[in-house]
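One chain comes next, on its own, written out as structure tokens in the form predicted alone.
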Amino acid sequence: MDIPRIFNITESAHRIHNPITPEKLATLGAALRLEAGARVLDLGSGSGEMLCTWARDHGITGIGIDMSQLYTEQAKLRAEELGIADQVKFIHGDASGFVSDEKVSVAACVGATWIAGGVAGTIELLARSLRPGGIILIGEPYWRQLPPTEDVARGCLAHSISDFLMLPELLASFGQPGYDVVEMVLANQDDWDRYEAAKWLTMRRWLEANLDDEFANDVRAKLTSEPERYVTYTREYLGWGVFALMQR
């Protein structure tokens, strides 16, 4: 079980696999008013930066599940590096359908709502692990400006314009299953740059070290095309944010 190899290559040097900076991740933790001992579940936990830094800064405990074996190992190493390995646990596995045995104060899926078929399904899944009065965290893209054509949407790596909503519509959609939006932290274009542009140097270094790899042509093609694609489409049209929800 693993994610496609291209992501394990392009994001191998990332600590955060979304367009959110360490500073904004810290802002989010502070905004949620996390208390020591609070239990956090993170579905699609990546390299574990959210759980690890919140365990260090706020004394939370938690569990993260991710399909990438590489990212899961990186998360375990990060926990050891920060001295909080006894507070967090990382599992290499499929987060789809995962429900915590112990109810949590915060149930999160930050940037991986595909695990339950989209935002609505992911909220429903996370709610099954949540204690009464707890907080659900959803990380999700939205349109900064509506793409004028379907080709532009595909340039943002969406299948179609209908894949994402404008920000007001996204926030309104959280109310349909009966949730209040109680906090949000949004990425700006600089945050997107740090997430996307960091991949380019990683790809270049990988190519220099793996010229004879059977995957080298794919990585070379991606490195050649990605900078222009990103600044033409994603940077201009696509937003991203983390939204905190509480049931009404």
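A residue's number is simply how far along the shown sequence it sits, counting from 1. It should be emphasised that the depicted structure is a prediction, and the values quoted were computed from it without experimental measurement.
Note that the form predicted in complex with a small molecule isn't included here; everything after this is about it.
- The shortest heavy atom separation between Ala112 and the small molecule in the predicted complex is within 4.5 Å.
- Of the heavy atoms in Lys24, none are within 4.5 Å of the small molecule in the predicted complex.
- The closest heavy atom approach of Phe90 to the small molecule in the predicted complex falls outside 4.5 Å.
- For Leu34, no non-hydrogen atom is located within 4.5 Å of the small molecule in the predicted complex, even though that partner is not displayed.
- When you look in the predicted complex, the only residue of Met184, Met203, Ile63, Met67 with a non-hydrogen atom within 4.5 Å of the small molecule is Met67.
- Heavy atoms within 4.5 Å of the small molecule in the predicted complex are found in one stretch of 162-170, 95-103, 146-154, 121-129, which is 95-103.
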